[in-house]
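Shown here is one chain on its own, the form predicted on its own, set out as structure tokens.
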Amino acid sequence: MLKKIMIGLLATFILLVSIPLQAAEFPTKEVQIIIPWAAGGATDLIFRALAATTGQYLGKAVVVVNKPGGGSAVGYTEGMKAQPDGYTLTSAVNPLTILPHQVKTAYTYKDFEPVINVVSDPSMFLLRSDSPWKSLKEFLDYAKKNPNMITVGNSGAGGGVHLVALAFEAATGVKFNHIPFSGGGPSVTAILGGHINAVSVSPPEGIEHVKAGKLKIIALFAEKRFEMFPDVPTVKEQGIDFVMGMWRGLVAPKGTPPDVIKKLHDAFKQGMDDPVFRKNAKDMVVNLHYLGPEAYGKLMASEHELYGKLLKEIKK
């Protein structure tokens, strides 16, 4: 009997000391970032660039894995179910606080530990440069006279840019025909091929095609104009009081040890501050916006509440 008690106490002691020891040794292998969308979208491009600079500060490689499907539900579900050891992170974007209000999901933002927010950038509508609509007014006038005739692509039903398009409908009194894709990259490919009329995106998605003259910004949902495109006015400047965008950060499964979260945060913050990443962000017209774990957690909580109210209003 005494022997069994001693074995039990020893097992408990080993369990208690093993957690901080594991955290102290972290990382001993590569860290994976799950992107819940197809390759080529804004989130994918941003975190591939960040992974490339962060590995040197973390001491191990950071790799990106795309897990598209279900409007991001596939990737977030896999990220939630991962071992809470710091080796599997997930890119947390607005849909994490949107989709649970629209469909039954296995998760909410509460099933994750916030690590760091990296970006907060405005959304926009892009058209082909040879589009018949030369201005936002022409675009919206046609939409009002022809409900559901303008096809607007997005990175997935229920995603952030889809909700932006729905909210813009409500703000302007028009009706678009929304076409979902498996990510921002495929939606941009579709508009380049002439398969849709417009696409709702974030700056990294399609901005190179804007620079090349293949696409044009017809609606910019920002507080101020892009420095790279000073001649493109915001929709607010054109009399429509509408500003909306996307935040993008990293989360870990619930229960990941605090000191592991700190190591991850510190390494990714150094990766964010790296001159190579900052140049890449500037080239992609990305608005860097750092938030630590506590502030990022508060942002997700407030956004969850905001989108819940917004979706109820849109459905009315």
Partner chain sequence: MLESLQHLATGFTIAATIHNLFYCLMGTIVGTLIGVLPGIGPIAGIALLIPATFGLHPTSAIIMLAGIYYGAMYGGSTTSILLNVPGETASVITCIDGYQMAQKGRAGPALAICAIGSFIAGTIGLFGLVFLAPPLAQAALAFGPPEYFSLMVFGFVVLSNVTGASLLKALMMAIVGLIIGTIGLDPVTGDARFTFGSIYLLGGIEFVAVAIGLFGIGEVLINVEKPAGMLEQRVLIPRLRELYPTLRDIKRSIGPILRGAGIGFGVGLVPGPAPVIATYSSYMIERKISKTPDDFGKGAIEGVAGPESANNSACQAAFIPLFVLGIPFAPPTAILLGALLIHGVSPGPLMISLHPGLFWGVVASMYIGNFILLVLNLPFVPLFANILRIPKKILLPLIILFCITGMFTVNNSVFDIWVMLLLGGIGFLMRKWAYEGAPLLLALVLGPKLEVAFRQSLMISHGDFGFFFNRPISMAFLLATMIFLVIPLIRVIFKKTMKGGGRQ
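Here the structure is a predicted model, which is why all the values come from computation and not from measurement. Numbering follows the first chain given and starts at 1. Here the rigid core means the biggest group of C-alpha atoms that line up within 1.5 Å when the two forms are laid on top of each other.
Form predicted together with the partner chain: not shown, discussed below.
Engineer: Out of the stretches listed (165-173, 89-97, 208-216, 132-140), which one is close to the partner chain in the predicted bound form, meaning heavy atoms within 4.5 Å?
Structural biologist: Heavy atoms within 4.5 Å of the partner chain in the predicted bound form occur in 208-216.
Engineer: Does the partner chain get within 4.5 angstroms of any non-hydrogen atom of residue 65 in the predicted bound form?
Structural biologist: Answer yes; at least one heavy atom of residue 65 falls within 4.5 Å of the partner chain in the predicted bound form.
Engineer: Check residue 71 for me: does it contact the partner chain in the predicted bound form (non-hydrogen atoms, 4.5 angstroms)?
Structural biologist: It does: once the partner chain is placed as it appears in the predicted bound form, residue 71 has a heavy atom within 4.5 Å of it.
Engineer: Does the partner chain get within 4.5 angstroms of any non-hydrogen atom of residue 120 in the predicted bound form?
Structural biologist: Residue-level check for residue 120: no, no contact with the partner chain.
Engineer: Examine residue 181 and determine whether its closest non-hydrogen atom to the partner chain in the predicted bound form is within 4.5 angstroms.
Structural biologist: Yes - in the predicted bound form, heavy atoms of residue 181 and the partner chain come within 4.5 Å of each other.
Engineer: Please identify the residue among 39, 61, 291, 288 with any heavy atom within 4.5 Å of the partner chain in the predicted bound form.
Structural biologist: Filtering the options by heavy-atom distance leaves 39.
Engineer: Looking at 144, 110, 195, 224 here, can you tell me which has any non-hydrogen atom within 4.5 angstroms of the partner chain in the predicted bound form?
Structural biologist: Checking each option against the partner chain in the predicted bound form, the one that comes within 4.5 Å is 195.
Engineer: Quick one: 54, 200 and 232 and the partner chain in the predicted bound form, is every residue within 4.5 Å by at least one heavy atom?
Structural biologist: No, none of 54, 200 and 232 comes within 4.5 Å of the partner chain in the predicted bound form.
Engineer: Suppose contact means any heavy atom within 4.5 Å; which members of 130-153 contact the partner chain in the predicted bound form?
Structural biologist: Sequence-ordered list: 148, 149, 151.
Engineer: Quick check: residue 212 between the shown form and the other one - does its CA shift reach 2 Å or more after fitting the rigid core?
Structural biologist: Yes, residue 212 moves 2 Å or more.
Engineer: Rigid core fitted, is the C-alpha displacement of residue 91 between the shown form and the other one 2 Å or more?
Structural biologist: No, the C-alpha position differs by under 2 Å between the shown form and the other one.
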